[in-house]
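Take a look at this single chain, the form predicted on its own, given in structure tokens.
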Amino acid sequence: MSTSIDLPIDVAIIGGGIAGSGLATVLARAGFGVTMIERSPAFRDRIRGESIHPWGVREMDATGLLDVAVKRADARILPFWTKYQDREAGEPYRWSDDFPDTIGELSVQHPRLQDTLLAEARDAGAKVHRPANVLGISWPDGRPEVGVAIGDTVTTLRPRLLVGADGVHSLTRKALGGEGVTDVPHHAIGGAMLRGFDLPDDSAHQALFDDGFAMVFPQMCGTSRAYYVCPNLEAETLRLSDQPQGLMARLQAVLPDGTASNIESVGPIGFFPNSETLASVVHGPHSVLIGDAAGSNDPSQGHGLSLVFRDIRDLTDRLRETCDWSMVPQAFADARARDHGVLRAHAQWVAPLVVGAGLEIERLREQVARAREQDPSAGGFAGIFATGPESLVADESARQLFHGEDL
């Protein structure tokens, strides 16, 4: 086995998924020297977030990645959001009516976007090692050093900045001495790739029922990613039932008659807890984590990819604003923790309202309904899917206002 040392580089990124490849693309376009390491030889389809809320779409546009997603990854813009109650459709809501700078939700196949962004990073000039394995990460003299096995060659990378974009089980986070701390789950979310819905393809669809909700996000080529949010006990029952029939039957029972009669499974099916995961460490000497490595949001709220594109935009802006990068990881981590904290608090406030049962929950829902009559904005939190967390403060007074406890 031969060894080599890469020439000095600006940024080394561990992980070539959406977070890593998106960041590599934007930084390489900005003129930085970028090397990215991706372990897997091919991305595979799994149950993950495949819709990006309007605030995340705006972040994509700010980094120049929206055009890439639409033109090269066949992402579909959904300008409307339609809710269903008792299997009856409400009036489709157009995002831009209340938020003029918003084009809508974005629906895209996760592995397709991963492949597209990785290719875009290469085209932009980033050096991509794939498949490659990280052998170790250390900080001699306070600077990051990464050993990488690429075939029969071991290469040592010594970047100005190390970025861990290596997911919820981040090796970079572990090397920094951190871990993922996961909340106790309140409910569960199931997902599947399906074909055959008879629903408008310019809208996201949310069907509400007593103990949860279902969502359908149309994609290109006639497929849709469907999600089913429900209590943990129901999720466990569904896990043990025949699949995909069990999940499809639930979707057929909550969507308008005939709209899901002909659906069929064309991908994996799975159920997962709604738990938030917080990273105990998000930065270190000349090192920082982004994406799920830095902490992941409740998947039933769907902010995960939006937070990824906020990470990409924010970190890029900070690196471009100064030649001294020594304080960038700390400043980025502080801003990231604030944003994630707002999203986490909102998810916890909403959870009992959308997945809960009993007299106490019914009283809370009635109280919240009265509060919305007085303040439809819920102190700004009603628009969080369009505006994002940046301008919101999730303190106790905000929670009381959200739940109508100040009435």
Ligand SMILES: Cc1cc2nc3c(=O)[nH]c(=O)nc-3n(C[C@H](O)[C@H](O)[C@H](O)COP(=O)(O)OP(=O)(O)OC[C@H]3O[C@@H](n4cnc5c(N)ncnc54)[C@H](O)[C@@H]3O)c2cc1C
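Numbering starts at 1 and follows the sequence shown. Worth saying up front: this structure is predicted, and the values here are computed from it rather than measured.
Beyond the structure shown, there is the form predicted together with this ligand, which is absent from this document and is the topic of what follows.
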Do Gly49 and this ligand come within 4.5 Å of each other in the predicted complex, heavy atoms counted?
yes
Should Leu171 be counted as a contact of this ligand in the predicted complex, where contact means heavy atoms within 4.5 Å?
yes
Check whether Trp139 has any heavy atom within 4.5 Å of a heavy atom of this ligand in the predicted complex, and answer yes or no.
no
Check whether Leu66 has any heavy atom within 4.5 Å of a heavy atom of this ligand in the predicted complex, and answer yes or no.
no
Could you tell me which of 158-166, 327-335, 70-78, 257-265 sits within 4.5 Å of this ligand in the predicted complex, going by non-hydrogen atoms?
158-166
Could you work out which of Ile189, Ala175, Leu251, Leu113 is the residue within 4.5 angstroms of this ligand in the predicted complex, going by heavy atoms?
Ile189
Please pick, from Ser40, Gln374, Ser377, Gln367, the one residue with any non-hydrogen atom lying within 4.5 angstroms of this ligand in the predicted complex.
Ser40
Contacts with this ligand in the predicted complex, stretch 303-320 (heavy atom within 4.5 Å):
His303, Gly304, Leu305, Ser306, Val308
